[in-house]
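In structure tokens, the next block holds one chain alone, the form predicted on its own.
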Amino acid sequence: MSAARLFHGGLAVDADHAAPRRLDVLVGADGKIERAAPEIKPAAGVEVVDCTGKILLPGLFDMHVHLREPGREDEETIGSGGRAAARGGFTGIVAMPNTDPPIDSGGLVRYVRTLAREQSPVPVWTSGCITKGRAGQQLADIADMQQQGAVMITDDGDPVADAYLFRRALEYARHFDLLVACHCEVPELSRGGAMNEGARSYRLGLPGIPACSEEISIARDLQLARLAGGRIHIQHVSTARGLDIIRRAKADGVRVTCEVSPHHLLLSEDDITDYDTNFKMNPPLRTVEDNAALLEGLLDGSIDVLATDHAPHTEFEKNLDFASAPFGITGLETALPSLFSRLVRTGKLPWDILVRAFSREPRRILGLEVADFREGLPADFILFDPEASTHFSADTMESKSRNTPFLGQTLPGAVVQVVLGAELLLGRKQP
């Protein structure tokens, strides 16, 4: 049995305190928090972990991760994705079901959960498909997937184009209070596109994806949710108008939550300068005006959740030309350092908002236990060093894929430890 540990001298942040506050945390040998107070004197036999200069945050939670297993283990596995999550400060993740075969049955949900328990250093939950094979023709076995532990259903990567079928999914999921998550786009409008449609795409000679492709789909799905009465979650919102549609639905009583990815806050179409496919994702990077509107939505609570949409691809795939390369970038390892360096450190994003959206709310929405520093809860927090730095390269990243715009960069701030129960998970892979 591990000895009790005292995390001493650090500054803690959580969803209820905007500014870091001095907090010592005593974790018992059983992995539960025995005491949290501004000053705790170490007792005999207690291991003291010096947290001076470091920030303690509740463990992050990512409800939108592509782990690729089963089927594309060359891009990512549950084990490598779990290690990437730990390095990034995440103590829980939700796997998307667009694998090969798709996760559309209770048996496949059980299979992924079993692999996760065996291979991942952090807990992995999984979603299930809305439709069989993600083909958009028939509902998947929603009840069986929910009984086997699926925490939500989604055909992420594609919308459910059949409005009647999507209504039925919302009505059926309502009986289990199961979250229905939506990838919003109109395929007929976005088909063949590679980046945001506008002056930038014209200048680069690339086919565009208009913002209204996402916005029309958001509006349709929310109207169906109003009719069906189910819980709906809009994934990776990327436009200001899309967010306004969600705001109006919330005001009208629709049971809707939504998420934004860090890259849609930090990067815009203007960053696509040399056809670097690490800037290609779906939805695409939009305008700087959209960036500002999404950040405002995060600050005022219109956006409930931060989620990485971690989407690994092999170097071979991403080395294709921009129009042909697959959509998606990795995000588990880059999320916290990039948000810290661009927004938190500059005062644009308070720590409590980040913790609310990247820890408390995704767990609350999914009905999971919220990570906190309260006595009696399992230890579930990370140590973040604002004075250190994180370098992203093939030698330092845990993910099997390195398709990130931050590849080769060194960003301020670093996750130096992950505390999960009685375990210490090394958050940084040393070169």
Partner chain sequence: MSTTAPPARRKDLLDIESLTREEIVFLLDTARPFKDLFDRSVKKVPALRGKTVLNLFFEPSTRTRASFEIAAKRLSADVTNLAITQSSVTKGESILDTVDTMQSMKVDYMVVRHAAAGVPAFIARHTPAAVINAGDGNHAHPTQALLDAFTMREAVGELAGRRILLVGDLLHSRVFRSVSTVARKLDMEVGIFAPTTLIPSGRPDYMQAFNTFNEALEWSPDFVYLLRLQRERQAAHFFPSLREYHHVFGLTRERFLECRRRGIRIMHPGPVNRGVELVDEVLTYEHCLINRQVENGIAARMAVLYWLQPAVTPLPDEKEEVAS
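Positions refer to the first chain, counted from 1. Predicted model, so just to flag it, every value in this text is computed and none were measured.
There is another form of this protein, the form predicted together with the partner chain, and it is not shown here; the text below is about that form.
Within this chain, L320 lines the site of the partner chain in the model of the complex, having a heavy atom no more than 4.5 Å away. Contact annotation: E361 falls outside 4.5 Å of the partner chain in the model of the complex, judged by heavy atom distances. The closest non-hydrogen atom of E197 lies within 4.5 Å of the partner chain in the model of the complex. Although the partner is absent here, L265 is not a contact residue: none of its heavy atoms lies within 4.5 angstroms of the partner chain in the model of the complex. The partner is absent here, but in the model of the complex a heavy atom of G205, alone among G107, G229, G205, G301, sits within 4.5 Å of the partner chain. Distance criterion of 4.5 Å from any heavy atom to the partner chain in the model of the complex singles out S324 from the list T114, Q147, Q138, S324. Per the 4.5 Å heavy atom criterion, the partner chain in the model of the complex is contacted by stretch 274-282, the sole one of 242-250, 178-186, 84-92, 274-282.
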